[in-house]
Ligand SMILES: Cc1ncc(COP(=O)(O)O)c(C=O)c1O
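Okay, here we've got a single chain as structure tokens, the form predicted on its own, with questions on binding and movement later.
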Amino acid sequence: MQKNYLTWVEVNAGKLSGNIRTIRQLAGKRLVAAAVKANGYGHGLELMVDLLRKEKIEYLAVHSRDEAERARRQGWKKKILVVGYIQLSELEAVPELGLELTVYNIETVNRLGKLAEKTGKKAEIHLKVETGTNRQGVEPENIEMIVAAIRKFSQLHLKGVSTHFANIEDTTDHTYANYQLAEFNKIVTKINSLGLKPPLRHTACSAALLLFEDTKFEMVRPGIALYGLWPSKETYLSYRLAGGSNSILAPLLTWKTRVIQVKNVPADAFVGYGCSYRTTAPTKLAILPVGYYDGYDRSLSNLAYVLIKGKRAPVRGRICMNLMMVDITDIDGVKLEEEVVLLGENGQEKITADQMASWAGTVNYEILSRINGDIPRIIV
């Protein structure tokens, strides 16, 4: 079926297994919660569930009720941690789907506690605490109040406590991350003193897992590392400066499309919307059926390149909604429906998510997660 796709994504199962071996080595005996939010970081949630079912992974970490439902429908029988928000009116999904919910609002605790008491089904929750990122999380001054609320309900079980680092990926100076870790430990001590002793502490995202032993506690939550990418250049540099070995992660994803037209354009001709590119010599163009709707960012116009027959074909003109144009003047023998690599390896050349992120002025996470979910994903 692959040959019939016009645009598709390939995910390498063998490379995923290699990344998981690396993660398990770093995690030791700790539980691993594999982050598959944002459609499996663009790799396809259902596809990742199929692959992870065969691996030694204890938890999936998802963002929403919808993602949790999709994972269950796809056959995930093990634990699911919801790290995002579920509306108060939809909390029935927690016991129905067997979820462990991240909580940080007193309203959620009260509603879920009453629901658990009514149904007689124990609800396992993870308390997210604020240590300095200032997004989700219970503020330190509200810890006593929310712990008291949890203790009111016999069917509520505080299984975990977590936090998230603000800049562990963005710098080689980890002073602030160490401050957050100290704050986390203080809050956990306070929770324990109030009569709750959650068995799972978890703070380690990919960067923390790679860099800091003290952040790993009883569970780790790898995201981007699972998919074979480094969280940032700073993380990679810190890891290498600490004596870490090279090539421990391998990207899984290759994004491909096909040529839908080959055309010759004269010198001094404009290409695309806004006449932003003008040829200086007779030029051969390949038209590709991919645009910003598909997740190929418009900021890559006249800047990026794709790979055809193992050679670079520069993008010419503006990226359109569903189309783009590339220069194949110096690539011999390009034919209609020729395979094109937008992201990944082709011959001796490769385009990485980090390279595309640099062109687009963003991060590799966004490059991957914005690949349109309707594009077919296949396992190779």
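Numbering starts at 1 and follows the sequence shown. What you see is a predicted model; the values in this text were computed from it and never measured.
The same protein also exists as the form predicted together with the named molecule; that form is not shown, yet it is the one meant from here on.
Enquirer: Select, from the options 250-258, 274-282, 127-135, 288-296, the stretch whose residues sit within 4.5 angstroms of the named molecule in the model of the complex by heavy atom distance.
Expert: Correct option: 127-135.
Enquirer: Does the named molecule get within 4.5 angstroms of any non-hydrogen atom of Leu99 in the model of the complex?
Expert: No, no contact at 4.5 Å.
Enquirer: Can you tell me if Met325 lies within 4.5 angstroms of the named molecule in the model of the complex, counting non-hydrogen atoms only?
Expert: Flag for Met325 set to no.
Enquirer: Although the named molecule is absent from this view, report whether Ile187 comes within 4.5 Å of it in the model of the complex, heavy atoms only.
Expert: No - in the model of the complex, heavy atoms of Ile187 and the named molecule never come within 4.5 Å of each other.
Enquirer: Although the partner isn't part of this model, could you tell me whether Ala35 comes within 4.5 Å of the named molecule in the model of the complex, counting any heavy atom of the residue?
Expert: Ala35 belongs to the contact set for the named molecule.
Enquirer: So the named molecule isn't shown here. In the model of the complex, which residue out of Lys216, Lys159, Arg221, His174 has a non-hydrogen atom within 4.5 Å of it?
Expert: Looking at the other structure, the residue within range turns out to be Arg221.
Enquirer: Tell me, which of Cys205, Ala304, Ile146, Ile191 has a heavy atom within 4.5 angstroms of the named molecule in the model of the complex?
Expert: Of the candidates Cys205, Ala304, Ile146, Ile191, Cys205 is the one lying within 4.5 Å of the named molecule in the model of the complex.
Enquirer: What residues, if any, in 347-380 have a non-hydrogen atom within 4.5 angstroms of the named molecule in the model of the complex?
Expert: Result: Tyr365 alone.
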